[in-house]
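First structure 1, then structure 2: two forms of the same chain, each alone, as structure tokens.
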Structure 1
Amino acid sequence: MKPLVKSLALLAALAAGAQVFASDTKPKVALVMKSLANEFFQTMEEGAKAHQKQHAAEYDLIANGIKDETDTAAQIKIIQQMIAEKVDAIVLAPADSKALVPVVKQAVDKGVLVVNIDNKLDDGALKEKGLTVPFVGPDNRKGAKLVGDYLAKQLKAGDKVGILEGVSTTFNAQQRTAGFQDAMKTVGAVVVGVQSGQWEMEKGNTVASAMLREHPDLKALLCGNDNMALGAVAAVKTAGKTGQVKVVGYDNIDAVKPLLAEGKLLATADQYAAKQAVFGIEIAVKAVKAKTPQNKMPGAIETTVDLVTK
């Protein structure tokens, strides 16, 4: 029940916030997220809201998300609504790195500053529209390599490993796979398969089970996120290979903490979801106050990724 009360309170707070808008000139920042069903974005949004509460005098925040991560059309609509709402800046985690570029251009043309978080907008598409949009976010490839390198210490050349990739069409999934592969190449381990677990626990479980059967001497499963890692851990357990097959994940969600403690999950990476949106917002607010035009904003600001092993 508590979350329900919380969300009602949030609604009330939002309604109250909306009334305040009319009377003052604080910058109005829109946070446009991907799926709020995904706990990663949920954490990001909560971080942003907490930050806004502490800095209530400096800016107002409207947070919006789409129903599922692939609903690009809905996200475009939200941005158009935000432009109509006359926000000063939009902090965007794009559902698609190319399809969102045209609407970003619309926003910039209307004088709205845009800051890109989480999933980088496509450089080629931006260039074509003559846009500079600062990207605030972690280097997923570097993060995955950190996790992979830690795992590699327990592997030797020739060991077989499998990779569970997220939704293969997303840039983050590709980057994480690339990072895992970089690390495996360094140690000389053989990647016997890269299959998509669609970022999901259940799909991850099915794919991990199949890999374990097909390669009985598999030494490790590298998972593009922690949900798939949870599925992989369950698959390893079902196969009776707990301890023999190492599992690593990504994102450091709450659910994997007990697994890290029990050693069922070797490592994961934390890219501080809660802070990412905040970094984006801070840059946007600063630029609005300083009246920095879009094309004078910095190109990229890298945020930290840390290895988590317990």
Structure 2
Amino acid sequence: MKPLVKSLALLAALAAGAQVFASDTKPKVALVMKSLANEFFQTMEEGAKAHQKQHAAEYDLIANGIKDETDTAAQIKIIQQMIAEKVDAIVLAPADSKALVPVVKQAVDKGVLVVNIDNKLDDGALKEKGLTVPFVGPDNRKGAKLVGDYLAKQLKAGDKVGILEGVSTTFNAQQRTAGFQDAMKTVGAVVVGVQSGQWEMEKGNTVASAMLREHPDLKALLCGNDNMALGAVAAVKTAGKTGQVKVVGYDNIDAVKPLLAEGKLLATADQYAAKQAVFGIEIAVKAVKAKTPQNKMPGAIETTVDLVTK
């Protein structure tokens, strides 16, 4: 089944069960995100709050996030706080694929249902803890390959490219890098380096600048998210290579839309932040109402990711 069809089928099923919400005690759902300084997660939060407002009789929402993408300790504390506040479910976009698993175990042991969105928790770490956590999100490798394949049309065999990876311990960063590498391998481009920009614009700028200095003949920078792409575009401009070095991103945040229109950013991918949160919340609410145990929750639910160009 195609991801969009699967997602629509899921929503239909959820809608069918929605009639019981108003008559029962409202579940309390916590949406725990990564950095709210990132426009992607701001969009996710706005989408979740809009959905809760439309379904105010069905559930209550607590939305929270950390200051920056790498502050896993702060995210762990937020989850522990949500456990203490006795939420019924947590919808989690983890800052680290492995480091968050122990606190997820704490939540589940306290009877809190957990749904994973955006960045997949590590399968091995989950298995070690005996956990089953449904993942709602796109195939990041496939999405990055869409972007990389579009870039590849403007490259030739032997061209040098660099990859700006997100936080390297996160599954989605690893998968996006793999997708970029798949596309570059197909065209015969040479990946001269993979370095972490930690999902941040400033760090992305620093990494991109260093790559441009080290490889004056670099043809493209493939960025694991749009924040890093913003930094890379600025680095290309500073180096006086606008139009010579192609830049691609991932997320389709509003901040990159002018760059797409001007051709300073060649392409990005839209993974629909708000929809991911809504799907995760609806799965959580339905499971709470049905008293579904964590180990009987549904498996992975693939959501849509689309190529976005000028």
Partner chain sequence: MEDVSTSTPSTSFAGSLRGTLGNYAALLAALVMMVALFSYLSQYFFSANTFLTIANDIPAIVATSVGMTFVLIIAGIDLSVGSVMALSAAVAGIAMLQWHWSLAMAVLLAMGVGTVTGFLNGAISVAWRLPSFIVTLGMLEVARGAAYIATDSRTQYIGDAISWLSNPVLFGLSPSFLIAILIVVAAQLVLTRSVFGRQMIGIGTNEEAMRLAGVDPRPVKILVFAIAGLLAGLAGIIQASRLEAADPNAGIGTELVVIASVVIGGTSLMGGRGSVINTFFGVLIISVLEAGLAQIGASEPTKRIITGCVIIVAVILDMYRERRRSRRA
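Here, residue number means position along structure 1's sequence, counting from 1. Since we're looking at a predicted model, the values are computed, not measured. Only the largest set of C-alpha atoms that superpose within 1.5 Å between the two forms is called the rigid core.
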Index of the chain form predicted in complex with the partner chain, chosen from the pair: 1
Yes/no, Val187 Cα shift of 2 Å or more between structure 1 and structure 2 with rigid core fixed: no
C-alpha of Lys241 moved at least 2 Å between structure 1 and structure 2 on rigid core: yes
C-alpha of Met211 moved at least 2 Å between structure 1 and structure 2 on rigid core: yes
For Phe171, CA displacement between structure 1 and structure 2 after the core is overlaid, in Å: 2.4
